[in-house]
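To begin, one chain is listed below as structure tokens, in the form predicted alone.
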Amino acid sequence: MSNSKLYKGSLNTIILKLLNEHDKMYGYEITQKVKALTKGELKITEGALYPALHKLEAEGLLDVEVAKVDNRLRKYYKLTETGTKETVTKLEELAEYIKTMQALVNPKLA
């Protein structure tokens, strides 16, 4: 997927969905999971990920847990109750958007 602008609008939804499935994750783990799930087609940079994580935290959708791992502090992100509810909403919105785009791009399948 050469055009990273296509996924930028979906980044928050991607993060929320992964955290909904994996309870808690740290930043690098999120980037690697996305890379693995998309077979390398989608690469989330730290420059895109961390501002999104901080924004979601500021909005009350994520909690942060700090743990010491190999003499380093690691931040784990997990959904709040509000974040879990917002994940459902965001996934529904994304599914509807994909359906609409499919109707535009390939009306025979819609």
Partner chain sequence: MKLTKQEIQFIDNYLIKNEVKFWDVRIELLDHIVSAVEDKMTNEGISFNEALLDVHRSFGNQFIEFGVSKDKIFEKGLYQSNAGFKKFIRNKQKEIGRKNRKRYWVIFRETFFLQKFILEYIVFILAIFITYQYKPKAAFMIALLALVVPELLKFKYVFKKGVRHSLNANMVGLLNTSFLCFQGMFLDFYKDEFTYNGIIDYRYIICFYVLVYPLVRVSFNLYKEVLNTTKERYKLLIS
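Because the structure is predicted, anything quoted here is derived from the model rather than measured. Residue numbers count along the first chain shown, from 1.
The discussion below concerns the form predicted in complex with its partner chain, not included here.
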{"property": "is_contact(residue 36, its partner chain) in the predicted bound form, heavy atom dist at most 4.5 Å", "result": "no"}
{"property": "Residue 40: touches its partner chain in the predicted bound form, heavy atom cutoff 4.5 angstroms", "result": "no"}
{"property": "Distance check, residue 54 to its partner chain in the predicted bound form, heavy atom within 4.5 Å", "result": "yes"}
{"property": "is_contact(residue 46, its partner chain) in the predicted bound form, heavy atom dist at most 4.5 Å", "result": "yes"}
{"property": "Residues in 64-98 close to its partner chain in the predicted bound form, defined by a heavy atom within 4.5 Å, in order", "result": "64, 66, 67, 68, 70, 71, 72, 73, 74, 75, 77"}
